[in-house]
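Have a look below at one chain only, the form predicted alone, in structure tokens format.
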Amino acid sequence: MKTPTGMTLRERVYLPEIFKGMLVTNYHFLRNLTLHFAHLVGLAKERSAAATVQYPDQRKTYSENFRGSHRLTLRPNGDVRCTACFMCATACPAQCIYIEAGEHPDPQVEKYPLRYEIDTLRCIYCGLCVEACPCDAIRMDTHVHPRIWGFDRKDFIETKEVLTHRSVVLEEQGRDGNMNEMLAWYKEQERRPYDRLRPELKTYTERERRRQELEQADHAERTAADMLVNARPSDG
């Protein structure tokens, strides 16, 4: 019998529901633990056990309908399809698209985007820009998630060049091309040396070591300069 709140007496007691939840949790825990041990000895290889994906060394393959990072599509001659009609920017609920229109060299085309930028920190990846575009100029079928590395807002602004480059990579390398390129970019950033102008980058391991080397070199230079000053004979 249900109460006015829509819950049965059994549900309102809560203890049976808590017990059911614990049964489900412990079932999955024991099942996965057993399968992991079985895999260690070469058994039950055909049955997968739930595990954390060790990204970026491992990663899941996104489905075909995954709504990933944006790209600007290109015409057969390599020109961007966008006509700077501002339909995508108008439909965007986050107001994260900035377009600066210019006159196209081809008299058959009214205008084209001199600048096309997406602020990925504001974007909610709703896909309304794709639906609003009348000429199929913007898509989200790159099969790559948004870039998560950066220490400044400008690091998350995707420009027209970045958006069109994704279309080139998708055409030449297939669906995994953009993801492979982004992972290679991550590794490149980790290898970059410490930058004095951007001290916040020291949070990455190799850059911290580089920072210590620079500080030690600076200390040695100051010590040598002090010793040179002290070694000069006084005027008296």
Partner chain sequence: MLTDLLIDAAKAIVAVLLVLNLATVLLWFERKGSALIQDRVGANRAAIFGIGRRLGVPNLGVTNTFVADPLKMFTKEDFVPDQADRFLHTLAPFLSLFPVLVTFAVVPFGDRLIVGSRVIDLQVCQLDVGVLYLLAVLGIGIYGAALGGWASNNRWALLGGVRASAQMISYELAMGLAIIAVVMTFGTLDLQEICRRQGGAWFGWLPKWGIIYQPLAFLLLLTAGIAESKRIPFDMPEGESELIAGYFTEYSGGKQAAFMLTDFAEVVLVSALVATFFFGGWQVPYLYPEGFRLPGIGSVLLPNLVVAVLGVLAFGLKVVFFCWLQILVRWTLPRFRYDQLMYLGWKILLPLGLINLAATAVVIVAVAS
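Note that the rigid core is defined as the largest set of C-alphas that superpose within 1.5 Å between two forms. Numbering follows the first chain given and starts at 1. Bear in mind the structure is a predicted one, so any value in this text is a computation, not a measurement.
The protein also exists as the form predicted together with its partner chain; that form is not presented, and the subsequent description refers to it.
- Among the residues Glu172, Asp57, Glu64, Glu46, the one placing a heavy atom within 4.5 Å of its partner chain in the model of the complex is Asp57.
- Stretch-level contact check against its partner chain in the model of the complex with heavy atoms at 4.5 Å: of 26-34, 64-72, 163-171, 179-187, the positive one is 26-34.
- Contact annotation for Pro16: none of its heavy atoms lies within 4.5 Å of its partner chain in the model of the complex.
- Although the partner is absent here, Val41 is not a contact residue: none of its heavy atoms lies within 4.5 angstroms of its partner chain in the model of the complex.
- With a 4.5 Å cutoff on heavy atoms, Ala217 does not count as touching its partner chain in the model of the complex; it lies far away.
- Though the partner is left out of this view, Leu9 does not reach within 4.5 Å of its partner chain in the model of the complex, counting heavy atoms only.
- Of the residues in 152-170, none comes within 4.5 Å of its partner chain in the model of the complex through any heavy atom.
- Here Val168 does not count as shifted, since its C-alpha moves by less than 2 Å between this form and the one not shown after the core is aligned.
- Comparing the forms between this form and the one not shown on their rigid core, the Cα displacement of Thr34 reaches 2 Å or more.
- After superposition on the rigid core, the Cα of Arg67 moves by less than 2 Å between this form and the one not shown.
- In comparison with the shown form, the Cα-Cα distance of Tyr62 and Phe29 increases by at least 3 angstroms in the model of the complex.
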